[in-house]
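What follows is a single chain, given as structure tokens, in the form predicted on its own.
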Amino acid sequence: MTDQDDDMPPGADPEELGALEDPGLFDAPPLAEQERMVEAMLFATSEPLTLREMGTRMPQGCDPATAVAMLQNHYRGRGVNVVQVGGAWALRTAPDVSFLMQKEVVETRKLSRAAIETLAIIAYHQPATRAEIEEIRGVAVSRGTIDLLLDLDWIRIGRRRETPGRPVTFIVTEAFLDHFSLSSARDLPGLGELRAAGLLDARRMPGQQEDAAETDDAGPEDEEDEGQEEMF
């Protein structure tokens, strides 16, 4: 028996003890290597990844948040950027050169005015119930409008309201944020920006006198416009 054996605690397994004393056994890879891992995952994935998802794929002891920050700094000013999409991360074409990819990736979506207004109300007032959407718009919302936005994966059903009837609520999805290059719903443009871009009609405020023709034309329910509004 060696002096080293004499120093062991009673009943200790020499091999197990040696493994625990090995300082490099569970060492995390260097941060530069962790950055490469994150880069590989974001490059290959078709959907944005959360830090938790990245952490479960990386070796024990890795810090995906620091690795993402390093990678984001590495790609700053380049043709591809590391961007946050909701609570996840993705590689996306830099905005100033995105016009080069229009023919390949830009998909034209045509929505009725009713669908655009419904989507905007949900985005700005989420979580919003169907009754709240109808109250804001002043007309009933057709089921087809909601179904269309659900099929596009731009809205999804949220939690039920703790009110009589427990109505479902609607919220925008990460696919919506990703399509419009938004980190979160807080990045939505203000009313002034929407009017300047021509995306918000300069309508009279409620209570102001309206033309009789406009009043007569307004129906009690939502109708799909014959002319479609184009969203980009």
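Being a predicted model, the structure only gives us computed values, none of them experimental. Numbers for residues come from their place in the sequence shown, where the first is 1.
Below, we turn to the form predicted together with another copy of the chain, even though it does not appear here.
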Notebook entry, point to check: Can any non-hydrogen atom of D63 be found within 4.5 angstroms of another copy of the chain in the model of the complex?
Noted result: no
- Query: Might G87 be said to contact another copy of the chain in the model of the complex, defining contact as any heavy atom within 4.5 Å?
  - Reply: no
| Does another copy of the chain come within 4.5 Å of any heavy atom of T45 in the model of the complex? | yes
Check: Does the 4.5 Å heavy atom contact test between S142 and another copy of the chain in the model of the complex come out positive?
Finding: no
Exactly one of A28, A69, L51, M37 comes within 4.5 Å of another copy of the chain in the model of the complex through a heavy atom, and that residue is M37
Of the residues spanning 51-89, the ones with some heavy atom within 4.5 Å of another copy of the chain in the model of the complex are R57, M58, P59, L71, H74, Y75, G77, R78, G79, V80
